[in-house]
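So this first bit is one chain, no partners, the form predicted alone, shown in structure tokens.
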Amino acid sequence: MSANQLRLCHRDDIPEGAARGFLPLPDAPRNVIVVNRGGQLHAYMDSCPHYRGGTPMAWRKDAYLDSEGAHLACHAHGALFDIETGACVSGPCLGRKLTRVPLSEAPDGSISVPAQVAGRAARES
């Protein structure tokens, strides 16, 4: 892994149909949400766009999906987001999107994000 990448987790840490939050650095104020849907990993900053500066979306650790597991959900505002695109499909932030985070996967299954994600997390808090 290069110096400009931060390791988040291993692919096996996110089971199919699940979403988990990972801090890009131990002192980062925001998680990166990683969702495994159909074997594809999608990642977004844990920051609902309803309010300026964003709001954390989970009501408890790793509770990022709605009850059906079909959408990412902001449990503070009731907003629902498309897992593949991050677009708000229901709730007070229609027309907005979650901030996508690019992922890299190493041959050993390690998942990493660009180092600047830790800086973005600080700016969005």
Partner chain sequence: MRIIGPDYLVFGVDDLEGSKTYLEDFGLKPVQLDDTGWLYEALDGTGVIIRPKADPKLPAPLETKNMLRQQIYGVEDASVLNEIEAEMSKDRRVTRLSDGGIEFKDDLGFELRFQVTIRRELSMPAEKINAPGAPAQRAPNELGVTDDMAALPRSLSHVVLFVPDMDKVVSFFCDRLGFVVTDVLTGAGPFLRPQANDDHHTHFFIRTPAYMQGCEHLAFHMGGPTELMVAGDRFVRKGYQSFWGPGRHKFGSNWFWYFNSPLGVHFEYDADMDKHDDSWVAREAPNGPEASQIFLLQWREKWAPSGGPEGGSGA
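Numbering follows the first chain given and starts at 1. Only a predicted model underlies this, so the values are computations on that prediction, with no experimental measurement involved.
Heads up, the form predicted in complex with the partner chain isn't pictured, but that's what we're talking about next.
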For the spot marked by His50, Thr55 and Gly78, is every residue within 4.5 Å of the partner chain in the predicted complex through some heavy atom?
yes
Is it the case that Gly91, even though its partner is missing from this view, gets within 4.5 Å of the partner chain in the predicted complex, heavy atoms only?
yes
Could you run down 52-72 and flag each residue that has a heavy atom within 4.5 Å of the partner chain in the predicted complex?
Thr55, Pro56, Met57, Ala58, Trp59, Arg60, Lys61, Ser67, Glu68
